[in-house]
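This document starts with one chain, in the form predicted on its own, laid out as structure tokens.
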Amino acid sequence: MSLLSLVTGLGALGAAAAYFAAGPERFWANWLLWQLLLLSAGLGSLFLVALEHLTDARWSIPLRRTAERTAGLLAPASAAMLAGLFALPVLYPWAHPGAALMPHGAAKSAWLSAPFFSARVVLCSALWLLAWRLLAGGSLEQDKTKAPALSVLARRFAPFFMALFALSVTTAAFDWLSSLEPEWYSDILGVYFFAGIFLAGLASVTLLAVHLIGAGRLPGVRFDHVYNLGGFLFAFTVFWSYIAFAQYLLMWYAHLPEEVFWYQRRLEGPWRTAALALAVFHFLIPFFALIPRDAKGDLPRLRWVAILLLGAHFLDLYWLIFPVLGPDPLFSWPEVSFALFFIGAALLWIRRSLAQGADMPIGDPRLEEGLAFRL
């Protein structure tokens, strides 16, 4: 047994013990946090793959297999979401007995019902996995057949996926996050969640790409290719910050009771420190770190910025979810156990994917053109 497998197993034991020692609410809050982080890395990477096909990008072709591999995290994420359905009667007030009598109950009962919620989770997961199979599986098949028709199929499917992605990500944001406090709502929560998802996917792809370049497994990939990943990281750091501030500003200005209570809970007491940390680690540090042109293609800098952004996305999800458990942040051995289990499982999945197929889409007829890309 490898050290990584051992750490993952110990994390699983600790997470299981947390159910009994720390209570089901804390257990399922941790599970929800990590399933959404895993989903973010996988779905954000798949969005990048589809975006490359949609725009017929050349620079990204040598790096596309890296994104396809990280998109494979959708498989364990989907399994985690199905298990996460058991959190409904524990974390979600609308799933409690007598919820129809609550102020939000009558207006939202048609949408917030356990059977319909479960159906949406199953449908979204199935559609994401189908899209991954078509885009990533088709790319691996093309390595064997060299058939240009598979590239054409991916480009034709990409616009359909974008529409599917927009609807499904918005649905997931409202279902898993907003309905934790069903009396609250935000019109741009779906966009906010998308910004975090894509940034997490970009960071995951960047980390894996830097690792493979350092191992000599991506020959021909140069500054010009990596620069575009750094540019995307920089752009979506700004975009996430803009959406986060816009959501807060609109609710602060309107000052509606059904909206501001949500921010009040997250901006008072110890949670204010977490909000300030988000501003620093999710925006200020990566923003200034990536401003210089050369920084966007500097591999060591991209590595630590990507790690920082993944950590910041974790903090963002923690700040969104954990205030429902109480006024004070919780972080001790249950949270560490979940981290060991989910990070270990993700790395085991990625290690398995690295042994399948070539490190570049060698069957794509435009690969040579992609390798010749210049800024």
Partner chain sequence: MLKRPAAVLGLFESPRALLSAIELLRARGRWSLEAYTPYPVPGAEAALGLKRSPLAAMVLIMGSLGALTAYLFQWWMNSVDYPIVVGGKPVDAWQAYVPVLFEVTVLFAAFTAGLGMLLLLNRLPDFRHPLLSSKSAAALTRDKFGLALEPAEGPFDAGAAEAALREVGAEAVEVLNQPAPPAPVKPRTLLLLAAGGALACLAAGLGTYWTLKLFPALPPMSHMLEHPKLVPQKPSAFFKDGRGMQAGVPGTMARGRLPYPCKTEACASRLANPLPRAAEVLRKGRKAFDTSCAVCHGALANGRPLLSEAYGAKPADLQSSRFLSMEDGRIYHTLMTGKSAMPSFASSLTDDERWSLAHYLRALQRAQHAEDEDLR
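Residue numbers count along the first chain shown, from 1. What you see is a predicted model; the values in this text were computed from it and never measured.
Only in words, not in the display: the form predicted in complex with its partner chain, which the text now covers.
Asks: How about residue 268: is it within 4.5 Å of its partner chain in the predicted complex, going by heavy atoms?
Replies: Answer no; every heavy atom of residue 268 is more than 4.5 Å from its partner chain in the predicted complex.
Asks: Even though the partner isn't displayed, in the predicted complex is residue 291 close enough to its partner chain, meaning a heavy atom within 4.5 Å?
Replies: Yes.
Asks: So in the predicted complex, does residue 249 come within 4.5 Å of its partner chain, heavy atom to heavy atom?
Replies: Yes, residue 249 sits close enough to its partner chain in the predicted complex that at least one of its heavy atoms falls within 4.5 Å.
Asks: Counting only non-hydrogen atoms and a 4.5 angstroms cut-off, does residue 245 reach its partner chain in the predicted complex?
Replies: Contact with its partner chain, yes.
Asks: If contact means a heavy atom within 4.5 Å, which one of 249-257, 67-75, 196-204, 137-145 is the stretch that engages its partner chain in the predicted complex?
Replies: Result for this chain: 249-257.
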